[in-house]
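There is one chain below, alone, in structure tokens, taken in the form predicted on its own.
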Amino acid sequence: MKNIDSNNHVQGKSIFVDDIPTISGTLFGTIFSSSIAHGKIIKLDISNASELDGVTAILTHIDIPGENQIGAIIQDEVLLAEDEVHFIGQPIALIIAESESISLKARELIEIDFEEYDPIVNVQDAKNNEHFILPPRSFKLGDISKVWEDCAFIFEGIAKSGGQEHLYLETQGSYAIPLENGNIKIFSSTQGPTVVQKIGARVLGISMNQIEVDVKRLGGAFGGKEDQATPWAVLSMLAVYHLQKPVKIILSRHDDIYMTGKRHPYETNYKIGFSEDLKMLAFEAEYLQNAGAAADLSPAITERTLFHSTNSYFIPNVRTTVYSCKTNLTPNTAFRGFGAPQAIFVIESAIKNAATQIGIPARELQEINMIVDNDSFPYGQIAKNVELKKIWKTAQDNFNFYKIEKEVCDFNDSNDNLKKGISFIPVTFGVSFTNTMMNHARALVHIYQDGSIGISTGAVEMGQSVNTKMIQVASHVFSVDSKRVKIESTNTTRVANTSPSAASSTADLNGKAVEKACNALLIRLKEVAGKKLQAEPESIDFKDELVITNQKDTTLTWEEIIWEAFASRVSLSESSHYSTPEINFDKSIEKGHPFAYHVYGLAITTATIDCLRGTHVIDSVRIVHDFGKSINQEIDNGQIEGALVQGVGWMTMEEIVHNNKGVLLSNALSNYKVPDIYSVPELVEIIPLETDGNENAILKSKAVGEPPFNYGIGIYFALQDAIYAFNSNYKYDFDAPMTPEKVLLGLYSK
């Protein structure tokens, strides 16, 4: 089945927030924000801006009727600044005008004076000053304090990974409309409709049922609209609350880049120990996470970092600690992988550092230490149905990586100014929200009199084709043509109390809820068909829009049985609730079974560096991936390709840069480089692993949103090997991204 949105997307017919026809009298909002990273507001003068023709209102924190607080996990972030500002881009006032251009002119007329303080912008200063979002958190396994003396090899180092701009095609936006009796309807570009509803009610001082949030689709998100869509939505609702007119806020690309958070940069000190036979005995890491000025989702992201600190390896003695450092930067937020890529980069850097000093390929250490069934993860979950060894063998059988390694060596021996490198990146990624209470979903399924089907879920479509998969689930259960099924927008009045579309769990949770609702309806239809055909309901089934009894076709069609059910006053609507079984986690002891299952994979990356220019080409990325039993291989392959290239961007070119005043220097597409067609590997080959799948995955089709992002990490280590092939004096340095400038410096370092 093709993505149901493809045709409309390529024709420009798909509707996003800014495409919704504006109601007469709609007003437009622009945010006035802080120009300094930290300081006290001495004077705010909005008089000149207020007098501009066409300006309807300028709202500040004094106009908030409820609580000036939008923090979701920790309530430490105001909607509009009060006495102090804590990052450049922090909203101070909302300008409402008859047009966007007028609101932008008014923004230039606002006068503000600050008493400026010295900002903290890096994690080392934050740690030294004990500026933390929350207390440090640690996972432990075994006895790390006693094992070092048993290690034959011990290696220490630092690994750094930078931030990353989400750069979704559709910028942050919302359109709020007043309804009767003080109610508000809002169209929001958000991954979390319930978050918008809940925070909006808090700020306005009203109940959640007075706010209706509707989401048709997002033009990309990658985590950047999980929490950070909320302020713009709430600001538009605040304006509607006061003015009782429709209000639209759509951020410009420039405003979006400097007002919103990025992937968290990390600096990590690590120590790793091996036995004489190269078994990992101990791993210790201290991660310094740059959270920015407020918590946002940083506490949950620190947790995911800890969960993935050992990636695909069994290490019997582990101690990992994350410090979530509070700095005067825009609050950083969710990004595809949610803290796991930062952790995986660290353990892979530690392995590469060890292998280089021992004098063997990193592949050997990886293969020797892969986790197997019945090993324990540091968080207490026992590994089951581990596919890594099977993946490794599949890669060798299909790709012959020994041959590839030899070809790389032969090429380097015969070329002076071009050098190749190769890397292996295994991936083990846990699927579930790590906050157990969020692992649930609901679905509402209607069968109409003509046999057509309408489905509402809490899933937000943002380019990952979740709506297509929801249609496939219903079509599969009912055995009807997928064209009969329509997906409704995600709306808080139809499906309430939703978890965000995140954590690679959207298809599983919402798909299971759809499946459950459809099965309940199917039971009723079988009873109706049994009466009609004078057969036992257990003998009834549906196949290709026909009713069958005892595996034999009848002449009774899908449409006929639906009408018969309706005429018999049988309910053709069903609401269902699904919660993931078995999962649990006790934060008081940092142990439990937090994941429904794990996704496994392996990427083999080869790259060629031009040693005169420092530029590179990715020759190939060969992947063996654990899809389970994919219900849509084409869509899943597309997810892998997109995630891979996004990971490559993070590792090679996307460099977030601030100066010591907290000013974002990489603030436009002229100075922030993202992957384009020339960044894509010359060859991407994906081999689906043959497997039975997992019952906790929807129709045994495993999640594919976040795990493959980590395959992009491989390019970093391939480039390092190519640099070393040219310059044997090169000292391996683990500081991503590996930009062309860094490559060139490495090629000619002494």
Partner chain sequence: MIEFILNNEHVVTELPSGSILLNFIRKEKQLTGTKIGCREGDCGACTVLIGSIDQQGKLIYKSVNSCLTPIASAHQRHVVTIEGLNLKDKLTPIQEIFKKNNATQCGFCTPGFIISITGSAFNSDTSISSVMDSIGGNICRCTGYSSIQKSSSEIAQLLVNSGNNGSISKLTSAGILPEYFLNIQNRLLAIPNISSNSNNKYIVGGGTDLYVSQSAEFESKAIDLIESKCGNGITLNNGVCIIEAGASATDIMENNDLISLFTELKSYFKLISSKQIRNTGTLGGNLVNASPIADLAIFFLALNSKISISNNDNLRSIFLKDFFKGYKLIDLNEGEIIQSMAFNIPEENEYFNFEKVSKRTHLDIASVNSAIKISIRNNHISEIHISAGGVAPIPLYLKNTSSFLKGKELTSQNIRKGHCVLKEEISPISDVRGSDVYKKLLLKQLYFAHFIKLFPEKISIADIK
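Numbering follows the first chain given and starts at 1. Note that the coordinates shown come from a computational prediction; the quantities given were computed from them, not determined experimentally.
Omitted from view is the form predicted together with the partner chain, to which the following refers.
Can you tell me if K673 lies within 4.5 angstroms of the partner chain in the model of the complex, counting non-hydrogen atoms only?
Flag for K673 set to yes.
Any non-hydrogen atom of Q164 within 4.5 angstroms of the partner chain in the model of the complex:
So Q164 counts as contacting the partner chain.
How about E582: is it within 4.5 Å of the partner chain in the model of the complex, going by heavy atoms?
Close contact is absent here: in the model of the complex, E582 is far from the partner chain, nothing within 4.5 Å, heavy atoms only.
4.5 angstroms heavy atom contact with the partner chain in the model of the complex for V10
Heavy-atom contact with the partner chain at 4.5 Å: present for V10.
Of the options E590, E100, E564, D76, which one has a non-hydrogen atom that comes within 4.5 Å of the partner chain in the model of the complex?
Going through each option in turn, the one that passes is E100.
Report the residue, out of R253, K403, K531, K543, that has at least one non-hydrogen atom within 4.5 angstroms of the partner chain in the model of the complex.
Selected residue: R253.
Specify the contacting stretch among 655-663, 194-202, 127-135, 516-524, defined as having any heavy atom within 4.5 Å of the partner chain in the model of the complex.
Within 4.5 Å of the partner lies stretch 655-663.
For a quick test of understanding: in the model of the complex, does each of M462, Q639 and A668 have a heavy atom within 4.5 Å of the partner chain?
Yes.
Would you give me the residues of 332-363 that have any heavy atom within 4.5 Å of the partner chain in the model of the complex, in order from first to last?
Read in sequence order, the lone residue that approaches the partner chain (within 4.5 Å, in the model of the complex) is F335.
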